[in-house]
Structure formats: C-alpha cells, structure tokens
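Below sits a lone chain in structure tokens, taken as the form predicted on its own.
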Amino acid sequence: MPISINTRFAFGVDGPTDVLLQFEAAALPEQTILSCETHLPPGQDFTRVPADDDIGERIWLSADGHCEVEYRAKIEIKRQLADLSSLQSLPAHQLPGEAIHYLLDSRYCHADRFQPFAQSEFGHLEGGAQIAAMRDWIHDNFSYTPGASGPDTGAVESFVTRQGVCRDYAHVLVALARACAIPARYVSCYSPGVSPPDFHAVAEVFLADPEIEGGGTWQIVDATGMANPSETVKIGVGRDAADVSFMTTFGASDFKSSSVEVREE
C-alpha cells in the first residue's frame, strides 16, 4: 500500500544565505518512489549533493528573503522485516568498515556515558533481544513531551529528564546500542502513525543477517512506538540529528511554518 506524503515549510532570511535541506524520501531498494514533486523558491539557485551513506540527497539552496518549500510524493515500501528479538549481534571484528563509525560517540550521543547503565540493565541479553529491551525500557520510562527539549538537547540530558520527542527517544536508543557495541544510527523519516504529524526520527541498528552468513542488516527501531517499520519512509541517516536535519541554515533565519501530512493510500 503506497504512502502519500505532503510537506510544506516556510522560512525567511534577511540576505543571501546558504541553506542545506534534506526532506525528500530516499530512493532505495526497500522503498520505491512512485511519484514526487519538489517545489523550491523560484529564481533562487540550488544544487543537489549525495547525503550520508548515499541514502537520499541534500539540496544546497542559495536563499534570499521569504522562502517556501513544498514536497509531494507517493512511496511503495518493500522492506524485508525480521523478528528483532531473534537477530544476533556481529562480533566487532566482523563489522564492515561503513558500520564502525556508528559505534563511536557523536555530537548528541555520548555512548561512553551510558556504558555502566547499559551493562547493568541490558548486559544479560544479546543482539536484537538487547535492542528490543532498550526500546521497551525507553518507551515505558519516558514521557513524550513536545517542547521539553531543544536543538541542543543530547541523549544524556534526555536520559536524566526522561522526557522529549522522537528525536530524543532516538538519541537515547542510539547511545544505549552503541554502549553495548551494536552499531546504531539516527534515521529521519516519514510515517503515517506519527501524532502530531511531523517529520519523524527513529533509530536503526546493525545486526546479523539471518539469511546471509556473516552478513549484516540494518533494522528500524522506534522507541516512541508510533512508526511501523513496514510503513516508514526513510529520508536520510546519520550519526545523530545534526547529520540529518531537514533544514540547516548558515546564517540567521526565521522559521515561519511547517506542515507534514503522511497517510496510507
């Protein structure tokens, strides 16, 4: 069943300003783009560049004045899903090079700070069962509270306050997974189950592929419980939210409005 996306946002800048955007669904084997339209501010230069891990694209926009962006798309999800709890972890020395940097600390996810807690709370488990327990612990112990966190809030602060939004839930899950030597990355996405409707964030963990000996597979995990992996449309991936913000301005800006509508067709 196709996923329909309709996104609009507007912002303003006082003079020529470089803006980096990432809001379009990525073209991937697991998700087919059936149709898409992107409308950028007329008369302003832009260029496309590959995003992290070649998942999706970023748009460099030379913005000036009032800017409105609109994106419409229909996406068919063909993701192969596995029983998370049944998946094993890969020994560190068997990890592919592209997964290793997702074990390391990043701007918002200081995994080393979580090691004592992760070992005491989840150390008796392994692999996907360990990740499932982390997901459930966050879901049961955190309060989804819009406005409780800001752009500078990291996983450590979210862990202390036990509240936040999808961004914070994903950061804590990523940090806990890395603390147990499981590669984890932050995923910006769309999902029809998000309330209130908005850009969403989940975690993705690298575990052993049950169908390929010695192989690995990235599995989506959402501690908020709002996004179903079978209906989640990936925009991009990164070490944390700093890598996949839908809008990053290199200068002063005034964000005016945003509207995200995602539904099953």
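A residue's number is simply how far along the shown sequence it sits, counting from 1. Keep in mind the model is a prediction, meaning the values are calculated, not measured.
Form predicted in complex with a further copy of the same chain: not shown, discussed below.
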{"property": "Options 223-231, 25-33, 201-209, 47-55; stretch whose heavy atom lies within 4.5 Å of a further copy of the same chain in the predicted complex", "result": "47-55"}
{"property": "Leu40, His139 and Pro197 all contacting a further copy of the same chain in the predicted complex, non-hydrogen atom within 4.5 Å", "result": "no"}
{"property": "Selected contact from Tyr144, Tyr71, Phe122, Phe159, since only one has a non-hydrogen atom within 4.5 angstroms of a further copy of the same chain in the predicted complex", "result": "Phe159"}
{"property": "Contact label in the predicted complex: Ser106 to a further copy of the same chain, heavy atom within 4.5 Å", "result": "yes"}
{"property": "Distance check, Arg178 to a further copy of the same chain in the predicted complex, heavy atom within 4.5 Å", "result": "yes"}
{"property": "Leu95, heavy atom within 4.5 angstroms of a further copy of the same chain in the predicted complex", "result": "yes"}
{"property": "Residue contact check: Arg167 to a further copy of the same chain in the predicted complex, 4.5 Å heavy atom", "result": "no"}
{"property": "Sequence-ordered list of residues in 101-127 near a further copy of the same chain in the predicted complex, where near means a heavy atom within 4.5 Å", "result": "His101, Leu103, Leu104, Asp105, Ser106, Arg107, His110, Arg113, Phe114, Gln115, Pro116, Phe117"}
